[in-house]
Structure formats: structure tokens, C-alpha cells
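Okay, so here's just one chain, in C-alpha cells, the form predicted on its own.
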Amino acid sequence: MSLVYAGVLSHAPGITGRADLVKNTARRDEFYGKLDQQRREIEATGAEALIVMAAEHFANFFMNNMPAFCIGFGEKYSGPIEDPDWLGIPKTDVPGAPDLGRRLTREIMQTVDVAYAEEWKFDHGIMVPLHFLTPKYDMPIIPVNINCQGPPLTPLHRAWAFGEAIRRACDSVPEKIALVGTGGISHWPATPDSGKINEAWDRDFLDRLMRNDKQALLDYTDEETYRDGGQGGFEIRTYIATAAAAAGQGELQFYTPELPIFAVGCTVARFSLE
């Protein structure tokens, strides 16, 4: 088995960019501690590369060319594409894994069509997770994007199939690979409702996710998600694909709606691999 870890975490820009504005500092520090625990768990597996499956925010892909899925083949990547002072993360280079990325993609393409890119500017969707999970930026990264932004969005059942294909591909190579899916649950970024969190909707989704209940996870419609989880709720696709790749039950290690300055329900979880 070459997939050695699968987990999920939030990636909102406020998590790093507005850390000093938090009123509930104890809860913030507990969240940061769980992210550091996730880092240590990944390191303990001996992972040689980290797949970061995220939702891109029009930093690289636009409505003139919006792939349902994209995988990175770069020798290295730079980020953040945003103002580093705003995000609270200095600009840096991140190592890639081009040969491994190509081998994985060849296998994934046996069942799921994907785009691929040798050039990729990392935005907060990838840089915030890396800030916590690879703070020295010394682990090779394979970026993966699922279209959660530009309708028509990637269908949920295709996100599930993509996750299964990622698992099959990881298990076909000798390298040890860790996978994290990153996004938000309910959130309304860049709108007057920024900071709003639908805790009941979040907890219902997390219950389905931790049970890894495929039927329940694929039961959402985009209309329902937009109504109850905001446009940011479309990022559940990265969590669903990660659950499909893991195949096992999840363990919710942290969730709180009590950090609204981060504008998302902050989440950390891992899955057993089956």
C-alpha cells in the first residue's frame, strides 16, 4: 500500500492572515495544535510526497479554460500568489514531484480524464495547508485541483470517482504518498456574509464524511449546498474525493465555528485506509 495517509483540513486565508485578530485565542491555539498534530502524523508515515487536493480560486484557471480536474507536474512552484503580508505567509518556492506526478496521472487517466500543468502559482488554498503541514517547505508536493469555482462544477459522483482513481494510482507506485483534501465547509467568502458559518450543516456533513457514507455524501445538490453552505460550500468536493481515496472511516480531530474571523468552520480530520 503506497497511500500512507489521508486527511482533510480547512484552508481559509484568515487562518494565517488574521491570526492576531482572534478573540478566542485558546480555541485558535487548539486548532493550530491539531494542525501540527496532522503534520506529525504525516511525517510519522515516512511519506515521500504530499498530494494537496484543493479548490483553486481563479489564480491559474479561469472561465476561458476551467478543467474539472488538474494535476501538477512542476519541478517547483511559487506562492503565495496573494500579497504575502495579507496572507501572513512569505513568498517561497515549493518543490514538486514531476516524475511521480506523471506516473500517477497516467494511471488516473485510465478511468478519469484530467488536465495537467507544469506551471502553477499556489494561492491560499494550498499555501495555508503547507504553512502548517510542511513549514520548512521541504516535502515534494503534487498539487491537485477540483473545479469548485466555475459552473458547471465537477459533479460529486465524479469527485468520488477521482478519489478512487487517486487511490489506485498511489497504490501502483513504490513511493509512500500522503494525501490531504483541503477546503471549507459552509462559508461565504468575499461577500457581505463573510464570517457566517452554518454549524448545523457543517456537522451534518462531517457526520456523513466520518462515516464515509458514499450515498449520503453524494446526495447533495449544488442548489442545496449554495443555499445552506454558501458558494464556499462547493469545496466539499475535495473532502469527498479524499474520503473515496481512503475508503475507511474518518476521525474528526477538530471542528469549531468559534473562530468567525477565519470565515470558515475550522476542521481537521483523518481517515483509516482500507
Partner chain sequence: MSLYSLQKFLYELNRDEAVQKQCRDDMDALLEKFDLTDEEQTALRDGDIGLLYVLGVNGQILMHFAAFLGIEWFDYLELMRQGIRQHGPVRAGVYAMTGGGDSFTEEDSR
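Just so we're clear, the structure is a prediction, and the values are computed from it rather than from any experiment. Positions refer to the first chain, counted from 1.
Heads up, the form predicted together with the partner chain isn't pictured, but that's what we're talking about next.
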remark   = If we test each of Leu50, Ala247, Ala59, Leu35 for a heavy atom within 4.5 Å of the partner chain in the model of the complex, the one that passes is Ala59
ask   = Hey, with the partner chain in the model of the complex, do Leu9, Ala117 and Pro152 all fall inside the 4.5 Å heavy atom range?
value = no
The partner chain contact in the model of the complex: Thr191, any heavy atom under 4.5 Å = yes
query = If you check in the model of the complex, is Arg167 within 4.5 Å of the partner chain, heavy atoms only?
reply = no
request  = Determine whether any heavy atom of Leu21 comes within 4.5 Å of a heavy atom of the partner chain in the model of the complex, and answer yes or no.
outcome  = yes
inquiry  = Under a 4.5 Å heavy atom criterion, is Gly195 part of the interface with the partner chain in the model of the complex?
reply    = yes
ask   = Out of the stretches listed (158-166, 68-76, 97-105, 120-128), which one is close to the partner chain in the model of the complex, meaning heavy atoms within 4.5 Å?
value = 120-128
message = Given a 4.5 Å distance limit between heavy atoms, list every residue of 78-98 close to the partner chain in the model of the complex, or none if there are none.
response = Ile81, Glu82, Asp83, Trp86, Lys91
